[in-house]
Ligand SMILES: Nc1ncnc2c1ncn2[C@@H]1O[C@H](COP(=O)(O)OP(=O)(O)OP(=O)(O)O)[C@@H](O)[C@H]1O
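Okay, here we've got a single chain as structure tokens, the form predicted alone, with questions on binding and movement later.
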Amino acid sequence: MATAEPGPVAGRPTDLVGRQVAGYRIEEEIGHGGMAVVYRARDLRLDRTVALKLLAPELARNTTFRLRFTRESRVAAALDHPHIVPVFEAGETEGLLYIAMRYVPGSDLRHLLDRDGPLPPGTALRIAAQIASALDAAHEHGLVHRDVKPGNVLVARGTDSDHPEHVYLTDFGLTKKSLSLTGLTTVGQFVGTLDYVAPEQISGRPVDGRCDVYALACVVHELLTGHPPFRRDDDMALLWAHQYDDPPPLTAARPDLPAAVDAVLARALAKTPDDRYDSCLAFVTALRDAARSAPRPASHPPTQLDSGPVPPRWAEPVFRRRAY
């Protein structure tokens, strides 16, 4: 069986298409970043299509990261939730760490927002509730995502007109905390995307599920307005805003929503975790209750999802623009 040399997969396009890695035949690269490359691949043992993530070789060479990867991947694989991309297998072969996950055809939330702009409140709340349910389930198993963003939310076709989209949260397999612990990020760096990062992540304080509440609130703000709550000219100004500036009222960009939603977003975006909602579903429930007094449009078309597969962006680099 042909195996992949570890050298070419460090986050850039490779020539592995057609080769076999750990029982998977690689068919197409569908995303890559600084810490991983993701392929559509064929599971030769079970004859099914999977998404195969190959991590950068330097991660496998770090003993601390490798041990945490093994432990946390097992926890992620044990998560059985309809809105979390299932992890089928995780392991190491030929000096490569890999994760095999369900392949989800369709798009991601980043693509949807770029194409459609701000979403109707009903659509935004449906999507937010599914993300929140996934995050709370992960928190119950001791996993904190730490990088909730539109690119890590896959959007597939739903089951009927009442559920026109089905959302999956992904990227639980990469042990983000380990990157900092093992020195694979330099001084002052952290894993996360600055548009959605909680103040405690920026300052290096301990984090729990409430940092995901903050990030989810940033994503919900973008779902409803087309942009995250804080927009600044440079990264340092954005870091400062997350830590010290009050978030703008949601109704400034969406005057069709009732004023009550501003207080909900403000609490979810509180600088101190103790001042936020205790869970993601508590936040979304409060937002739904606040939005109920908003005038309802006569009708709006269901979310239009691409009919063909679109390369998902959930394999975006861990360290990207606006990410330290």
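The shown structure was predicted, so the numbers you read here are calculated from the model rather than taken from an experiment. Sequential numbering from 1, following the sequence displayed. For clarity, a rigid core is taken as the largest C-alpha set superposing within 1.5 Å between two forms.
There is also a form predicted in complex with the named molecule; it is not shown, and the following applies to it.
(message) At 2.4 angstroms from backbone or C-beta atoms, do at least 3 atoms of the named molecule clash after superposing the site C-alphas onto the pose in the model of the complex, making the site blocked, or is it open?
(response) Blocked: the placed ligand clashes with backbone or C-beta atoms.
(request) Heavy atoms, 4.5 Å, the named molecule in the model of the complex: which of 95 to 103, 136 to 144, 67 to 75, 238 to 246 makes the cut? Say which one. (result) Only one stretch qualifies here: 95 to 103.
(message) Quick check on this chain: which one of 38, 257, 265, 56 has a heavy atom within 4.5 Å of the named molecule in the model of the complex?
(response) In short, 38.
(request) Look up in the model of the complex whether residue 151 has a non-hydrogen atom within 4.5 angstroms of the named molecule, and give yes or no. (result) Residue-level check for residue 151: yes, a contact with the named molecule.
(request) Give a yes/no on whether residue 222 approaches the named molecule to within 4.5 Å in the model of the complex, heavy atoms considered. (result) Contact with the named molecule, no.
(request) Consider residue 31 of the chain shown here, and say whether it contacts the named molecule in the model of the complex, taking contact as heavy atoms within 4.5 Å. (result) Yes.
(request) Would you please decide whether residue 85 lies within 4.5 angstroms of the named molecule in the model of the complex, comparing each non-hydrogen atom pair? (result) Residue-level check for residue 85: yes, a contact with the named molecule.
(message) So, a 4.5 angstroms cut-off on heavy atom distances: do all three of 166, 212 and 281 pass it with respect to the named molecule in the model of the complex?
(response) Negative, none of the three is within 4.5 Å.
(message) Once you overlay the rigid core, does the Cα of residue 283 travel 2 Å or further between this form and the one not shown?
(response) Residue 283 C-alpha, core-superposed: shift of less than 2 Å.
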